[in-house]
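In structure tokens, the next block holds one chain alone, the form predicted on its own.
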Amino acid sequence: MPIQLNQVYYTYNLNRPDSKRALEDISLTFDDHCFTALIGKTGSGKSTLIQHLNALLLPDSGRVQINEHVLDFPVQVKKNGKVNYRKMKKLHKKKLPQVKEIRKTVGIVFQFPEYQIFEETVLKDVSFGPKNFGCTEEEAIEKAKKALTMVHLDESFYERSPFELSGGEKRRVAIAGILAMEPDILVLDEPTVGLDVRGQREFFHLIQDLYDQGKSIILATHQMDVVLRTCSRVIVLDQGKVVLDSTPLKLFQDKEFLSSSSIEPPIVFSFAMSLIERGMPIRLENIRSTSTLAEEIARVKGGKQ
């Protein structure tokens, strides 16, 4: 069952002089087994939208549906036109049982997820989530071991202190802690911030593996090369609104939109476009990275169709 958002609005500091509208009339569907990128300038609403996907934030108004769980918030207003904050909070409270189920389905990995690590061993840290959701000690440990295997950390890590691991290993432990709760959908908010080039490469190999295993991936990122290499869909946000819902291939060819949105296409894609402009008939749909560009150039020079 896909994630569906219908006319979702969200405002920080509601009914206060310093209130700020963060999401406005967001209507989106995320299909099963998707690999979708959310992009946009800082402050465009990406992180706010992500937190609505597993009910860390609940909308002022609108509808969020994940599987059979529906969070429906009709607009509640006072005579003076302001949102009835008290009535809205009561409505939020009634939705708490569904919120818990949603958080089993959608797992979020925030920027610097390793800061959420707190247990004395890797195995204890990863098993904390399942225990918090009602699993027995044995069940939680079994789920933790399975999750650690998924992120390519073997039993030699079980009793190690997570605080002694490398940055990339800590991030794998943090992701394993989410995976141990067995979500169908993994949402990542700028997940490679702070990692070196090697760590970023290893991380995205891991995410690709998880996608290949059947997980849906929703990724908020500023890295357009990652969008090109991994995603089949890209959603652009600006000032809390969806301004484009397309594919990376179409987005990176739209020079007018890229310029107006201050989005820099990946260098490899720009280079491929320049080759086409000079008469080389390469296929842009095959370009994902420098290696695929090299393969496409070799195909053209070899006279292959």
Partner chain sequence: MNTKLGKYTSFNTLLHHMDARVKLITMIIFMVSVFLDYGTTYMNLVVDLFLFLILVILCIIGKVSVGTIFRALKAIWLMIFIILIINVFFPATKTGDIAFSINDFPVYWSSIMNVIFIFARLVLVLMMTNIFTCVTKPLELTNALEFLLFPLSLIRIPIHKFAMALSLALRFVPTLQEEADRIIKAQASRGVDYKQGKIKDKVKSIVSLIIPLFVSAFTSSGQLADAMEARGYDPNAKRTKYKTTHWSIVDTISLFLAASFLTGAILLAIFPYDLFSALQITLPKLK
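All of these numbers come straight from a predicted model, not from anything done at the bench. We call the rigid core the largest set of C-alpha positions that still match within 1.5 Å between the two forms. Positions refer to the first chain, counted from 1.
The same protein also exists as the form predicted together with the partner chain; that form is not shown, yet it is the one meant from here on.
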Just to confirm the contact call: exactly one of 242-250, 265-273, 49-57, 36-44 touches the partner chain in the predicted complex at a 4.5 Å heavy atom cutoff, so which is it?
49-57
Is it the case that Leu14, Asn132 and Met181 all touch the partner chain in the predicted complex, with a non-hydrogen atom of each within 4.5 angstroms?
yes
Can you work out which of Phe204, Tyr211, Tyr158, Phe128 has a heavy atom no more than 4.5 Å from the partner chain in the predicted complex?
Phe128
Distance check, Lys100 to the partner chain in the predicted complex, heavy atom within 4.5 Å:
yes
4.5 Å heavy atom contact, Phe110 to the partner chain in the predicted complex
yes
Can you work out whether Pro191 and the partner chain are in contact in the predicted complex, taking contact to mean some heavy atom pair no more than 4.5 Å apart?
no
Please tell me whether any heavy atom belonging to Leu165 falls inside 4.5 Å of a heavy atom of the partner chain, as the geometry stands in the predicted complex.
no
Using a 4.5 Å cut-off on any heavy atom, which residues of 104-119 would contact the partner chain in the predicted complex?
Ile108, Phe110, Phe112, Tyr115, Gln116, Ile117, Phe118, Glu119
For Asp209, is the CA shift between this form and the one not shown at least 2 Å following rigid-core superposition?
no
C-alpha of Asp196: shift of 2 angstroms or more between this form and the one not shown, rigid core aligned?
no
